[in-house]
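In what follows, one protein chain appears twice in different forms, each by itself as structure tokens: structure 1 and structure 2.
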Structure 1
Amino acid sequence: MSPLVKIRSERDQMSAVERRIADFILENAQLLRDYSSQQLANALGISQSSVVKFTQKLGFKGYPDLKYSVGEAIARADNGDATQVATQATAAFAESASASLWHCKSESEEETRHINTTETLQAVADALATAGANGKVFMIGLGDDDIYARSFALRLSLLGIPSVHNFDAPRMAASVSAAGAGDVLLVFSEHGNHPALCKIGRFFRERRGRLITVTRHTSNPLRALADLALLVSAHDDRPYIQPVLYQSALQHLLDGVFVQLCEGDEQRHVQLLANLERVQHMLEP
């Protein structure tokens, strides 16, 4: 994992001083080799120990180790390393807005993959499969989040996992009153701070159900309630680009859970193929 990608993916969890260091490194990666830890500290008006602690928190032995790793990452990109194809493509088509957007999406998806481990995706898939077989899967998203809740509910149904989907908070509150142990509530909320969704999440937990949340990679009330949390990393200074990155990375994340479900059980796979064939037959003239 590139140290620059790691820094970007962890930025939202950093303190104000750590974010200043992170932003400086991300914006001046090519020049980092010319800075000692003391010079970097002087440039930012902070203590040298803050720089050292920052590098160690990221898993490096010290500032020289971080500087070397960043230099290696830049050198690999310059030499055409296969893992940096996205960076090269963007550089080659720097004047193209679509190429730039593609690169931003690739970065966002890579950061999102980094913060959601394979074990987490498997745990979410197992929880959904168990609830689908022995209980109920509830699903809610408000506003734009409902687009992904509705789509994912449909994909689960193709696998033979029915869900109780709703885009109205009061109705969902009534629905989860019938929840019990082993049931799952999947809540889509980009910022994770909607009061009604937090209340529904608490109520569901009281019913001994398992709460799975899908939010941004930030500290938020809904994520704090979750048994399992799927996190999306999407950052850009342009307000019209940031939601595009969020949607792209979120879809990629949900695709990962869907594939886990498809490949984790032969019966579900057979059910999917049968349902797809049935849908195709209905669409034929």
Structure 2
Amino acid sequence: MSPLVKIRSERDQMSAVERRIADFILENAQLLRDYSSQQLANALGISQSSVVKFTQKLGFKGYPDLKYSVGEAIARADNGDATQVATQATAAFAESASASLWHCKSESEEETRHINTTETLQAVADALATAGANGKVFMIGLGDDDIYARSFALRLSLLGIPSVHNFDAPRMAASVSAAGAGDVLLVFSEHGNHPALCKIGRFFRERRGRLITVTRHTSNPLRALADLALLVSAHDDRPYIQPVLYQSALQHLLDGVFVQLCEGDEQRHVQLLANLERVQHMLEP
């Protein structure tokens, strides 16, 4: 039972001094944190031993025990009331920018998680795994999109799925000419309407490869070509925030695929561990 409720319920059967202690605690529970038994006694003009006896009578092991319990009770109680208001106020001042940024990002990530079904993620993971084992994985992105492609390619390589990575369209067209059935091409393109990329996509499909696109959640020509389409949702009125959100939502999406790949196959998992160590050794002699 909450110590405060207990104190209140026994208050009637208490002596005068005890009742004063009880009242003080009930009214100033939050002050208790900084009060020793002696200080509490001083505040009430009574002896410290009375305070201790009071706590023991109530069934606590001693003063610190009561104090601890009251702390818990307060924490439980204002979980979502006063504290939160205070916290919000503080937050508004101290970390306005970063906290609100965090909030936007979370929102985008959640939306993105929502519009990509688990099945799609799984299908993408499977396609990559298969192509990694029996064929090739191609990957391309232009400009900013190259960053995501690059980072994902690095991750895949740790899993034993190396990829052919290009960051301009003409070279990619050349690379893709070597593609065959079962291969996978992953195209990153935020707006999905770059003609060269579409051309490469079509070319790749003609060669019976599976095309996976990663674009915004709009209808766009690139996505229309895809066997599997990963979609990213990210919106903000402030134009400088938008790319931040896009990137973080995209990253989150790719993280999901990566995790599914890791957890899907024990052997890949083992390989990852080995690779991680290897990389670490090479980079930090």
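For clarity, a rigid core is taken as the largest C-alpha set superposing within 1.5 Å between two forms. Everything numeric in this text was worked out from a predicted model, so none of it was measured. FYI, numbering is relative to structure 1, first residue = 1.
- Of the two forms shown, structure 2 is the one predicted together with the DNA, while structure 1 is not.
- Annotation for Asp65: C-alpha shift of 2 angstroms or more between structure 1 and structure 2, rigid core superposed.
- Core fit done between structure 1 and structure 2; CA of Leu26 shifted by 43.2 Å.
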